[in-house]
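Form predicted on its own, single chain, as structure tokens, below.
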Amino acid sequence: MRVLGVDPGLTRCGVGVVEGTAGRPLKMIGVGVVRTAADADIAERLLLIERGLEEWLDEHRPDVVAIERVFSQHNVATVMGTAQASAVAMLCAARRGLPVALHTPSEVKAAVTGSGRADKAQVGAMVARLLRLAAPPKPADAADALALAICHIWRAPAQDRLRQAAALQTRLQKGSVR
């Protein structure tokens, strides 16, 4: 499975591509950041993010896009910008018919470090270790994007089984399965 991880943000949108399957060594395919100027018009910034993500999708051809789920913060402006960048990533994936998976920050931290309260340095260190890199990717947004991709690769099989079980249970309750 090849996953494009996206750590959404208006100024720095982290992107990282990881390939592999659960239980096997993972391989980093690419990592980077789509940047926009903080003083640029919001519409222009979103267009630049869309163009950057489209280039990553064209170049790396992922099977799925994993995006950090926007969570509530005290700074509404930051949440809005993050949500807008996240929506652009979802749109780019949907345009290509790619599945989108949303993972919370604590879910990603727990998957790669074992603790949902890990700090940025711990996440970066574990990403480097898991992908056999000499050092954590910089900036942290890039490491976070790789962590999202890793989280999805490891959690997707279990999540798929849960969805299938729930669908089967629904069909059984409706009497459509014999």
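Bear in mind that the values here come from a model prediction, so they are computed numbers and not experimental data. One-based numbering along the sequence shown.
One more form of this protein should be noted, the form predicted together with a further copy of the same chain, which is absent from this view; the next part is about it.
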| property | result |
| --- | --- |
| Residue contact check: Val33 to a further copy of the same chain in the model of the complex, 4.5 Å heavy atom | no |
| Heavy atom of Val70 within 4.5 Å of a further copy of the same chain in the model of the complex | yes |
| Heavy atom of Leu57 within 4.5 Å of a further copy of the same chain in the model of the complex | no |
| Leu46 within 4.5 Å of a further copy of the same chain in the model of the complex, heavy atoms | yes |
| Residue stretch of 22-30, 36-44, 113-121, 144-152 approaching a further copy of the same chain in the model of the complex, non-hydrogen atom distance within 4.5 Å | 36-44 |
| Heavy atom distance at most 4.5 Å to a further copy of the same chain in the model of the complex, all of Met126, Leu130 and Lys138 | no |
| Residues within stretch 84-106 having a non-hydrogen atom within 4.5 Å of a further copy of the same chain in the model of the complex | Gln84, Ser86, Ala87, Val88, Met90, Leu91, Ala94, Arg95, Val100, Leu102 |
